[in-house]
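Structure 1 and structure 2 below are two forms of the same protein chain, each written out on its own as C-alpha cells.
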Structure 1
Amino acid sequence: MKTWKIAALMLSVVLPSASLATDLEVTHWWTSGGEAAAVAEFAKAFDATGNKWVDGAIAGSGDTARPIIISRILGGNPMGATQLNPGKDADELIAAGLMQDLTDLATAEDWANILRPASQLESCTVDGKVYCVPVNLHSAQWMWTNRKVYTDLGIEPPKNFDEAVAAAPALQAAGIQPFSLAQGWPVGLMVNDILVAQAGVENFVKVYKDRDLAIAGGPEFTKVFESLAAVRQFVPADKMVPQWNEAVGLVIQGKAGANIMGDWAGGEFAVANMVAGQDYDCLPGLGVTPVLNTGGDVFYFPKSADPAVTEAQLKLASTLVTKEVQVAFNLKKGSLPMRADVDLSAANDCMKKGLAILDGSDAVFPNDVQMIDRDSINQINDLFTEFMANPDMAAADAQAKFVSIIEAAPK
C-alpha cells in the first residue's frame, strides 16, 4: 500500500515534465456569447499545437478581472497567459521583472511589419523589449442610430452627433428617448467619444499625453463639457438601463434614437437582422471626426521558472497572430484583425468602414490608458460619472476639477 502511494506521488511529479503537452491556464474576461465563441477559436488552435488550453474565464468586466489578475501575478501564483488591455496596466509588473520577454519571438516572426497599426505593438514595448501580443483592435468611437425612428418623424436621419442633438427635442416630444445610455462604464465611453469628437484628436493627445493644462482648461474643452451637459438633460438617471446591450436594444426596438457604443454593438444589430445603411447607421467618430482609437486586447505571459511552461507560452504567443487564427477569432469577436494580409470578405459594412479608417493610419489615435496612468483614469471616470448624473454640477466646475486631475497625474 505504502509503496503504491509513493509510486503514485513520484509519478505525479515526473509525468508533467515528461509529457510533451503542457497545460497553460489562460485568464480573460470574455464571457458573453460572442466573446466565448471567439476565445474558443484560440483554445482550438492552441490545443492543435499539442498543448492544452486551460480556460480561466473571469466573469464580469475588465474592472472586475484586472485586480484579480494583477494580484495573482503579484502573489506568486501566475497564470500561463492573460488577457489585458494595452497600456500602462502592466508597466509596474514589467518593471518588477514578472513578465516574460517576447522580443526574440517578435523579431523572428517580424511582428513589427505584419501587425498594424504600429501603435499597438509600441504599447507592448518597454525599453525596446516586447512583452505582449496584440490580438485584435476594438474601437469605441461609434454612434448607432435607428433610421426609422427619425424618418417616421419626418426628420433626416442624423449624420453626426451635433445633428442628433439638434433632433433630440423633436424625439422627446414624440415620447422617444433621443439617446439611450447604460450605467457604469458606458457613461465613461460616451464621454470619451464626445471628448475626442468635439475637442479633436490633437487636443485630446496634447492633454492626455503632454498634459497641456492650457488646452484642458481652454475653450475646446469647455465645448466638450457643454455638449455633455446637453446630453445629460436627455438621459436622466431614471432612464438609464443596467447593461450596454439593453441600451443598444432600445435603439433596435425604436424606443431610442441613438446610442454611443463601441464596435461590438454591431453584433446586436446583426442578431436583430438589421442592415447597416438601410435600417441603422453606424457613424465612426460620431460622424464628426472619422477617427478610431486603437483599443483592443493583448495577451501577457507572466514569467515562469518552468522551461516547459515558457516554451508553451511562446508557442501560444506565436499561434495568436497566425493568419487563420486571426480571421477565425476576429469574425466571431466583431473586432478588426491585427494583420492586414488576411481575407475579410465576410465582414459587414461597419467593419469595412472601420478597416478603411484603419488603413489611413493617421486617423488612428492612442487610447487613454496608453497615455496616462490607471489611477488618474479612475479619477477622471469618477468625475465624468458624477457630472453626467448630477444636474446641479456646473460645466465650469467639472472642467476645473478635470484640469486639477491632469495636473496631478504622474508623468
Structure 2
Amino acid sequence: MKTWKIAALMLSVVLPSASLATDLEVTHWWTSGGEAAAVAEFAKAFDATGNKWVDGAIAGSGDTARPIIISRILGGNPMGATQLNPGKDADELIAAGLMQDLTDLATAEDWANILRPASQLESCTVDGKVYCVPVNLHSAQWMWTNRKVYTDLGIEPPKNFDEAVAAAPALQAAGIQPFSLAQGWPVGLMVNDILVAQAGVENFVKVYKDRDLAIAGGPEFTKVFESLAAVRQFVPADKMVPQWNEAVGLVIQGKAGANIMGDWAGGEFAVANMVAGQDYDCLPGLGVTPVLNTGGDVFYFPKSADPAVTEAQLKLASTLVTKEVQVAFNLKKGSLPMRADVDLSAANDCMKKGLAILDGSDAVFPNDVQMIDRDSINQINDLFTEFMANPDMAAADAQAKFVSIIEAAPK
C-alpha cells in the first residue's frame, strides 16, 4: 500500500510538468545550407524551454511558401507559428481575426525599446496592436565576389559594381561567368539593387512608396535601364540557375566572379568555411553607396483554441528575441540582430559593415514589400526577368512598362 501511494505521488508530480511540454509546428522557407544552420539555433533554444519545435520547412522560396502558409491558416489548418516578411502579407489574416495578439508580451518585454530599427516592429503593428515578432534585419543591397577568381587573372578584386562590370569581359574570355543569377525574384532584387546604387535611395523610395511617375519615367531611371541593357550580356538567360543559393554557390566554387544578393548569402559562405575579407568580399550598396533596406523576417502565431498551444506560442515569441538566441541565429543567417545590446565579438567582416551602416540612420530605408503591394512586386519582377532574358527588349520599352505598373499599384 505504501509503495502504491509513493508511486501515485510520483505520478502526480510528473504528469503536470510533462503536460506543459507542447509540440509546435513552425513553418518557414529556410532550406539552404546557411539557413538550415541558422534555424536550428531557434529550434534548439525553443526545445530547451521544454517544448518541441516541429520543423515545417517548405522547399523553395518565399514566393512558393507564402501562398501555402496563408491558405492553411485561412482553411482552418493553422500551424503553431510561421515565418513571413514584414509588410502586408498578413493583413488579411489579421483582419479576419486569425492571428494571435502579442501586444501584452511586447509591452512586458519592452520590444519597442530593445528592437531596432523601429520600422520593423511598426510593420508588425496594426491599429496599435502587435501581431508578430521581428527576428532579424536583412538587407538586399550587397554584391558578393570571389577574390581568387580575379587575382588568378591578374585583376584586382572589384570594390564596386562598376569595377565588376569593367572586369566582366576578361572573366568571360576565361570561361568564368562575370555575374551569377538565379531565376525569379533574384532578378528583381538585382535590378532594384542597381536602381538604388545608380538612381539613389531617395528616388527609389519616391517611386515605390510615393508612386512618383515623373521620376520612374525620368532620366534617373532611364540611365539605370540603359545600364542594365549593357549588363545583361554578362548574365544570359541560359546561364541562370533555379535557386538563389545555387547562384551564390557558383561564386563560392569560383565558377562566377560576382553575385548580387541579400546579406543572407553570407550564411552560404560561412558554411563553406570562407573568410570575409580574405576569400571573398561583401560590398554593401554594391560598393557604390553603402545602404541597408529594412527587410527581414518576422514570426506570426495563428490563434489556437488550445491554451497549451497559446502558452507555447508566447514562449517561442519571447525566446526568439533573447540576447543569446539573437546572436546565435544571426551569426549563422548572415543577417543583423534586432537588438543593439548583444555581444557581437564573434561578428565577421560583413556583419560589422552592416552594423556600421545600421548605426547611420540616414543610410537605412524601407524594403519594397513595406512600400508596395505583393502583386505589384511580382509584376515588376516578371518585367525585370523578361528584360534581362530578352536582349531584343529595348530599355525604353522596359521603363515604360515599369511606369505603368507603378501607376496601377494601389496606395
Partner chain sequence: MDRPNPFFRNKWSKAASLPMMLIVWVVFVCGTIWTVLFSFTNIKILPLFTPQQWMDGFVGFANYTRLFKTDRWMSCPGITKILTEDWEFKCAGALPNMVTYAVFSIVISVSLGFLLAVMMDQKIRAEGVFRTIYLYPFALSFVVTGHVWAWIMSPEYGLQHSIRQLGWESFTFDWIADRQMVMYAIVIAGIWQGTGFVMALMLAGLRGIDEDIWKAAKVDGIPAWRTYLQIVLPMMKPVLVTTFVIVTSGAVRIYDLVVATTDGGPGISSDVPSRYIYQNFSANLGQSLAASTVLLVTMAIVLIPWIRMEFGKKSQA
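Only the largest set of C-alpha atoms that superpose within 1.5 Å between the two forms is called the rigid core. Quick note, the numbers are simply positions in structure 1, starting from 1. Note that the coordinates shown come from a computational prediction; the quantities given were computed from them, not determined experimentally.
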| query | finding |
| --- | --- |
| Identity of the form predicted in complex with the partner chain among structures 1 and 2 | 1 |
| Rigid core superposed: Gln313 CA moves 2 Å or more between the two structures | no |
| Core superposition between the two structures, C-alpha change of Arg339 at least 2 Å | no |
| Post core alignment: Phe179 C-alpha displaced by 2 Å or more between the two structures | yes |
| Between the two structures, how far the Cα of Asp279 shifts once the core is aligned, in Å | 4.6 |
